[in-house]
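Encoded as structure tokens, the following chain is the form predicted on its own, with no partner shown.
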Amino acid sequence: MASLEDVFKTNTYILGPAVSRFEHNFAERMKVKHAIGVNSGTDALLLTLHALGLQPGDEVIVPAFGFVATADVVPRIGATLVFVDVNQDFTIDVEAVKAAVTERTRVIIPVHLFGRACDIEPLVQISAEHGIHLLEDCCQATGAAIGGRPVGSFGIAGCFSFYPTKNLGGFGDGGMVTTNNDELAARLRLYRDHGRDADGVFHEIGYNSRLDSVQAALLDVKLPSLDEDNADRIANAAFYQETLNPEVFALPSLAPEGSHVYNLYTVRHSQRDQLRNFLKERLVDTAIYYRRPLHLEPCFQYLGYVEGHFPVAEQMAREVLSIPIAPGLTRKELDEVAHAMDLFAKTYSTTAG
């Protein structure tokens, strides 16, 4: 592969031309001025919160259902984590956000979860009205758009992950921050490399969070096929929507065209564990994202939340099950998944009747 050969010839394995080229191409694809490559999606969130200048006592609003990284970066910089509930489509509840805003709120982090773009426009308005930063977690939604505008371009910044299972996945860890803010982009470039500028001067206490050149070169090769891969995911999801029984399984709610790129296809069922075991016996791989709502994870116990605080998030955690959706699945494989689901539906209907 020519792009990898270029990396090996230059002996520049951290940052360097391959990273700069990928950053440029990613920024163009996401219709933003800047894209800053970092070590992971988690670091994208962490470095951005740091670069926004959060201080102890500042509050950050985060949905109570999702991956832990969205939340655990907040206490790591000394800020106060504020959870809110989610909607039935798994994304942050806008009305809950409105109720949670205080004079200490500095950042809202909506998550485009499972590939589904959240209702971003009201959040943009809330942020503008209160002088709050909107930081989009796009780690599971690379390529999703709202009205033709890519996620990651609505807030002060967008954070992306290139973990291998993501819509644009690498062969290891990697992440990116997108922004139209020149000052923020400059700070992020410092922070990712120990606070060091191009002349080797250390201006800030920074991090070791640099995207390596091999990952960047490989991701740059894959970037042109992102839309095609997402179209494959969307087609697989459409097959499930048409085939699975909505009276037995709670299927993902319909989304405007282009606003759901199905990093995961997640159904819900009140007997989730029974369903998962049934599918496992029929050699259908599944996964649970996520088994606990964030406010009930032991690491956040100090915040004082208890069961009942966020009922929708708690219901999601009891019921969610993700079934195969990746691009490249054959019709035969999709049929096998749907057939197994149908067998369970018939069994469930019989036992429930």
Ligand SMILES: Cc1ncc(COP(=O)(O)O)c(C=O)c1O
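Keep in mind the model is a prediction, meaning the values are calculated, not measured. From 1 onward, residues are counted along the sequence shown.
One more form of this protein should be noted, the form predicted in complex with the ligand, which is absent from this view; the next part is about it.
- With the ligand omitted here, the record of contacts in the model of the complex names 37-45 of 293-301, 37-45, 52-60, 313-321, defined by a heavy atom within 4.5 Å.
- With the partner removed from view, the residue among 82, 74, 111, 185 that has a non-hydrogen atom within 4.5 Å of the ligand in the model of the complex turns out to be 111.
- Of the listed positions (209, 140, 230, 179), a single one reaches within 4.5 angstroms of the ligand by any non-hydrogen atom in the model of the complex, namely 140.
- At a distance threshold of 4.5 angstroms between non-hydrogen atoms, residue 174 is in contact with the ligand in the model of the complex.
- Residue contact check for residue 163: one or more of its heavy atoms lie within 4.5 Å of the ligand in the model of the complex.
- Contact annotation: residue 69 falls within 4.5 Å of the ligand in the model of the complex, judged by heavy atom distances.
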